[in-house]
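This document opens with one chain alone, in structure tokens, the form predicted on its own.
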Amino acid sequence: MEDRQRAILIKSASLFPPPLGVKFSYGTAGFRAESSILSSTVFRSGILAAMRSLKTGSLIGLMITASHNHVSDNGVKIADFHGGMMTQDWEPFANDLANASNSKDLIELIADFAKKENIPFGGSQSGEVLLGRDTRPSGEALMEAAKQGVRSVIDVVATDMGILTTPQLHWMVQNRNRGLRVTEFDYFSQISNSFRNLMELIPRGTSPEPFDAKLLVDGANGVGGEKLEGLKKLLKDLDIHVRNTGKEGEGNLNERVGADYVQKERVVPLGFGPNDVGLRCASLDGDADRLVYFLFPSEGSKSIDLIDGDKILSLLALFINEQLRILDNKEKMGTSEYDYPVKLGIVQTAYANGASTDYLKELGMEVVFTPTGVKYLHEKAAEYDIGIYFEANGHGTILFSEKFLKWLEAKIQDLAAGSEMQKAAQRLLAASNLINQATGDSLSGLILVEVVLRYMGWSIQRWKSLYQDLPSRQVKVKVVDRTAVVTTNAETSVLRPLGLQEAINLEVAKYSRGRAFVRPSGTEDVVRVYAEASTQQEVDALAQTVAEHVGRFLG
């Protein structure tokens, strides 16, 4: 590292001393903490993003958000050159960077890593980092810390994109690196144009049920509600009413509102009441990367009928599978050049409700499991021509391979104009343009769900009845050392401690449709227990006995 670069880093780092006695860890959500102790970590994340840009020779993204956390929290995470999450290989360096106790150690750490990774500080390579933030009051000051971090690396530019949803930033990074324009208007235009294309491809007069265009959306008093207000102006065929937009007097970010609150508590969010009984409702989270739907069943009820990520996945999988079925008409295809063996994969974690997995498998779809975490789901989904993943919390998307999309574009040209097969191919292409290919996106996901419901002619009540969720229960068991639990088979089986999995198996065998697994938390010294069974009474008993076994083996 040149002396000039070292001097700039030392001077900049001195402005952002790390908090005492705090250890940061970069995970699926990046770094998160109470906002008042984050300036040093965000500054150093700016350096990290700049180094990643120099290493890859591509644009990198940095987002300041704490998603569904309380408004007093904030966080920062990196969007890699492909638009997805930062490579796991760099996570240990991110942790070391955030936790370096002084400027000297920080600079030596940077110098050593740059040498190891052959990062061209001050060379011919230049870089750029796109920065975005959500609507949290702490975001503006933390944005300045991030900019200083990026700019402290010679020849790297920091470009402030302002207030964005997290998925918007990921989309911008992915598409800029493909040579495309990436203003917010471009993002809105891609969604609205794809929406119109799909609407025009809906068969007329075939809907078995009348469709109510009215949709109520809980914006979590965050950035998603604000952006949806702008997007909906371009969507003339949808009657979207946004509540909890974050305007003054509407409430606090994520406080008794938002997808995380609705999905976990299963109660009506603030801003909704008796007049909304029976209407189709949706909820975004604080940075708009999660989406759930819900139904307010009856006046006076505080609980809701939840349509979570599992049911969103099932709906979209049905739609995609139907288009593939139409395309697979070999009698009409004739020539072998059309016989493309499309691989459709459904990717879930062990937390997916077993009823959803059974439903998808009964339809003949390939369902695979990964460990918990979006980075695992996304990576696995990318192995298919079309990979669909959604967590129960509402975070997910559909990935279309470049090879499949090129084949699809050629097929559209070859098929008879206006034929059902051509329309099916056009629907798949439009869906690939509508849904965010970089990460889970509640805005693009919401619009795709609305089109698919219109295509199916389904009410929210019909959608809710696709299958009946199995009762489930989650329990946390405090332990001294969570690393004593080692799992395998996508976290569904315990390797260590020896004997624990056998004990779990014996408990599960006692119940109809029983299922249970345990996994160590990634952030705290607890072991998480998940259980399912045919009745709530049975699942409560199963979860309790499994938790007792965990305590006994790790006590």
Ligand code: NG1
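Start at 1 with the first residue shown and count on from there. We call the rigid core the largest set of C-alpha positions that still match within 1.5 Å between the two forms. Note that the coordinates shown come from a computational prediction; the quantities given were computed from them, not determined experimentally.
Omitted from view is the form predicted together with the ligand, to which the following refers.
Residue contact with the ligand in the predicted complex: E391 places a heavy atom within 4.5 Å of it. When the ligand is considered in the predicted complex, E502 lies well away from it, no heavy atom lying within 4.5 Å.
Taking the partner from elsewhere, F296 is found to have every heavy atom lying beyond 4.5 Å of the ligand in the predicted complex. In the predicted complex, H68 approaches the ligand with a heavy atom inside 4.5 Å. None of 53-61, 33-41, 506-514, 521-529 except one has non-hydrogen atoms within 4.5 angstroms of the ligand in the predicted complex; the exception is 521-529.
Only one of R280, H395, K311, R136 lies close to the ligand in the predicted complex, with a heavy atom inside 4.5 Å, and it is H395. Interface residue among Q148, T372, S472, T357, judged by heavy atoms within 4.5 Å of the ligand in the predicted complex: T372.
With contact defined as any non-hydrogen atom lying within 4.5 angstroms of the ligand in the predicted complex, K264 is the only contacting residue in 236-272. The rigid-core alignment places the CA of R32 less than 2 Å apart between this form and the one not shown. Relative to the superposed core, S58 undergoes a Cα shift smaller than 2 Å between this form and the one not shown. Remark: with the core as the superposition reference, the CA shift of V529 between this form and the one not shown reaches 2 Å or more.
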